[in-house]
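The chain below stands alone and is given in structure tokens; this is the form predicted on its own.
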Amino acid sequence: MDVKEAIVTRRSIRKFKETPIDKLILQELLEAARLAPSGTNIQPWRFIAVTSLEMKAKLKECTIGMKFIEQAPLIMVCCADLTAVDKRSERISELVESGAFAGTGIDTILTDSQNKPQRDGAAQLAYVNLNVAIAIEHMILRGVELGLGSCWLMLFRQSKVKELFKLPDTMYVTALVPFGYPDQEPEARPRLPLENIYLGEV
């Protein structure tokens, strides 16, 4: 399966078979997320794999009526580590040393302290969540290739999920993503035509 086929065939799956997900498959999902790009390579994503019946039942109670997630053999709790931005200078140095910016002049721009991004709390949270979302989609598409279905889930109570997993204030839960072998074959969902989203070439 190539990337285009994974994109075309991906569906939001809410019915799963009881077949468990092998530990090696879990590692493949995590590796796909690990390789995702992020702004100045801060890599703020952190994951908790929920597989036990007890924890899945407790996690279901943190959602807003999303009973189907308890059926999934695996639920990935996808988090943004807000402290990752504190390592930005270190990550930039790694990129410079690796030659990522060679000949572009970007290294000079990024290492100039006057160009350090000034983001308030909301903007910084949006920034790290955006990076985590990229990693999640990497994981989801790799899952499609491996025969897994999944579904983005954001209808949950942030405080209850953080309490359940004893997460610090510096950790924000971006999404819950149940994974499993699909027990349904949904039709493609409606999408806007290309002319509605393409604003043209200039």
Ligand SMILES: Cc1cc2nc3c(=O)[nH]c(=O)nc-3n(C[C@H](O)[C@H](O)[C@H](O)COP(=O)(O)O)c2cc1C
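What you see is a predicted model, and the numbers here were worked out from it, not measured in a lab. From 1 onward, residues are counted along the sequence shown.
Missing here is the form predicted together with this ligand; even so, the following discussion is about that form.
Which of these stretches, 61-69, 47-55, 31-39, 158-166, has heavy atoms within 4.5 Å of this ligand in the predicted bound form? Careful reading of the contacts points to 61-69.
Interface residue in the predicted bound form among L153, L148, V173, A135, criterion: non-hydrogen atom within 4.5 angstroms of this ligand: Of the listed residues, the single hit is L153.
Contact test in the predicted bound form: T19 vs this ligand, heavy atoms, 4.5 Å: The answer is no: T19 has no heavy atom within 4.5 Å of this ligand.
Going by a heavy atom distance of 4.5 Å, is R10 a contact of this ligand in the predicted bound form? Yes - in the predicted bound form, heavy atoms of R10 and this ligand come within 4.5 Å of each other.
What are the residues of 70-99, in order along the chain, with a heavy atom within 4.5 Å of this ligand in the predicted bound form? Nothing in the stretch sits within 4.5 Å of the partner.
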